[in-house]
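Below, in structure tokens: the form predicted on its own, a single chain.
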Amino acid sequence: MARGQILMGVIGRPHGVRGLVHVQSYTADPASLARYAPLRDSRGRTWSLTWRGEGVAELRDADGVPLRSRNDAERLVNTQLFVDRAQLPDAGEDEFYLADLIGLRAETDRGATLGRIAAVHDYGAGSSLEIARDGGGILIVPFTRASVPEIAVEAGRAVVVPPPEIEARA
């Protein structure tokens, strides 16, 4: 998806035979995903969402037409839903969106440049940062206060202190 697009949810498996789908919301309050319209997928299609049960939603396309069948719903499994970054409220003081970290210069606590933050990964056991090294290769560090003690989004940098076991291999 284009820069400036924030992943807000993913369409899951169908629910029933009338086109309803399970949706995984990445918002702090899952119910609030419905307020972010239009939602866009990676193909540029726009969607609106109405919750019909816990985690179960009715999707409508740009013309307001809902999915009508299980087959329609099956075609959208694993479709990611995005919003424009401008649609989100400003982050509070000392807060940021994970997407805001991408592109920040990663530097050591002594000011040496390690590279740039290329991605933020979260597989459920805690987030990690993927840093594209200036000399080539990547460095993956846990996204914890110990490993990333300072983030200055406005200044375009993050201080990164890799744990000893990672630093030894870097």
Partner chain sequence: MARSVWKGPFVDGYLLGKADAARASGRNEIIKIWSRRSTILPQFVGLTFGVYNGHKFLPVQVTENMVGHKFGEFSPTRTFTGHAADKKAKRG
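Positions refer to the first chain, counted from 1. Just so it is clear, the structure is predicted and the values come from calculations on it, not from any experiment.
The same protein has a further form, the form predicted together with the partner chain, not shown here; the description that follows concerns it.
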| query | Is Tyr26 a contact residue for the partner chain in the predicted bound form, using a 4.5 Å heavy atom cut-off? | reply | yes
| Would Ala91 show up as a contact with the partner chain in the predicted bound form if we use heavy atoms at 4.5 Å? | yes
| message | So, Asp61 and the partner chain: in the predicted bound form, are they within 4.5 Å at any heavy atom pair? | response | no
| Is the gap between His121 and the partner chain in the predicted bound form 4.5 Å or less for some heavy atom pair? | yes
| All three of Ile6, Ala146 and Pro149 touching the partner chain in the predicted bound form at 4.5 Å, heavy atom to heavy atom? | yes
| field | Contact assignment for the partner chain in the predicted bound form, among Leu67, Val141, Leu114, Leu104, heavy atom within 4.5 Å | value | Val141
| request: For the heavy atom contacts within 4.5 Å of the partner chain in the predicted bound form, list the residues of 125-139 involved, in sequence order. | output: Ala125, Gly126, Ser127, Ser128, Glu130, Ile138
